[in-house]
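Form predicted on its own, single chain, as structure tokens, below.
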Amino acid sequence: MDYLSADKVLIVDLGTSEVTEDDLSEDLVAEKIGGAAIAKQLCEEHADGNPIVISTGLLTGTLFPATAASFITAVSPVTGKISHCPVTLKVGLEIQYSGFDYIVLKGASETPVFLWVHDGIADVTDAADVWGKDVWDTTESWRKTMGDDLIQTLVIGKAGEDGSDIAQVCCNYWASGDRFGFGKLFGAKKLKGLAFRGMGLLEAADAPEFVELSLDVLEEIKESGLAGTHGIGDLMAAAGHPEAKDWLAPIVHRHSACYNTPYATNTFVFLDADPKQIEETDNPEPGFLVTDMGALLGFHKIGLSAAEACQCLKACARYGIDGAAAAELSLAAGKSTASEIQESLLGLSGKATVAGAGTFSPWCPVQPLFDAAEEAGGDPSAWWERRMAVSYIFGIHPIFAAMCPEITEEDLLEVAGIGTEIEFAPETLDKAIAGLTG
């Protein structure tokens, strides 16, 4: 495919370290559009290798607003079916620019490995030196070894290596949208993770018109009711927990947005420095980037202080544990202090609740947020499932999709057609969504 694409599907057999490439079929794009819809088909085609598919959305990494998301697709040990989780921050963008639209990881290695993907090249690389290290140390090690602090990672920690059901694949140092135990699948394959770096460029078939429509949509968003809202605190309030916003406020340092997303869905808190401090601190790790509202609310429910809750989230991120599952299981086990929760993290067992139908990650609250509530109408659950399917196909940040009705299906289909020279009808999108949710 000539436009909005690297035109490559990477297939990696971890059992043999064999790496092959296929062209991305334009007919497949015309039928499935992209993202998780194509990833699901690749997962089914390679089912005998128990595959994990890393995918980009059709618009991921473009100038269209909120196109920050790539995705992980696999049969979840939690749901027992093909499920999908988003990859955001700057990682989703780097996957697109590293040179492949889809990466199929099948089979299992006998020894620890990681996949180094850069500028259209992929190498299965020995990971013995980082096996046993936590998420933060592993990311630091790979960046130092490759000599590039901009390398983006998907990586597991000790929980994934040990096969925990609540093991999570993390984005760089931080929690991801993995509610499906994909960290356990990485560990079973002896796959420590993936590292991405690339200077790839995406071409639009009609670049001026593509940019013009993207800017028009961005202008609508700026004029919407979202103006002036930002960060995890406002998200928690919009989800029905205004008290949690006040609870978190004293340790908030700043807010952070994912690539090209007009709303900061992440919040950096200071745990070991004054949150009001503007200049750089002497402490190399003064705080923590909160990327998981549900996990934070879970520890809030236990009765921890905001600082204690974020310390628990920090420990979860280092071990590679789903913080929301850890909070739910800790509450069920009667653990009420931050110290006993952190001490028990690697021994936690059991399966946590997965809200929604189990197809898309409930890391994005399973409800409309802010002005989207009116659009959702009388069946918010069905609205949410469709909205997630759309975001997972096009590469739209899922949380932003749940809060921003200004990004319409009509605009997405139009900009996709302008960018690719493929005509996407509403019926095509309906069929792609049905294939994901059916």
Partner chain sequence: MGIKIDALKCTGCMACEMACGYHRDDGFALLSSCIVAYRTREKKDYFGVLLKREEDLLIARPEGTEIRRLGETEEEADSGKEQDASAKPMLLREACDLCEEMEIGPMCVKFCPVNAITEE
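Numbering follows the first chain given and starts at 1. Just so we're clear, the structure is a prediction, and the values are computed from it rather than from any experiment.
Not pictured, yet referred to below: the form predicted together with the partner chain.
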Go through 268, 247, 131, 116 and name the one with a heavy atom inside 4.5 Å of the partner chain in the predicted complex. 268
Contact residue in the predicted complex, from 76, 359, 214, 311 (heavy atom within 4.5 Å of the partner chain): 214
Taking heavy atoms only, is residue 210 within 4.5 angstroms of the partner chain in the predicted complex? yes
Using a 4.5 Å heavy atom cut-off, state whether residue 376 contacts the partner chain in the predicted complex. no
Contact label in the predicted complex: residue 330 to the partner chain, heavy atom within 4.5 Å: no
So, residue 51 and the partner chain: in the predicted complex, are they within 4.5 Å at any heavy atom pair? no
Contact at 124, 126 and 350 by the partner chain in the predicted complex, all three, heavy atom at most 4.5 Å: no
Heavy atoms within 4.5 Å of the partner chain in the predicted complex: which stretch among 154-162, 98-106, 342-350, 200-208? 200-208
Going by the partner chain in the predicted complex, which residues of 61-92 come within 4.5 Å of it through any heavy atom? 61, 62, 63, 90
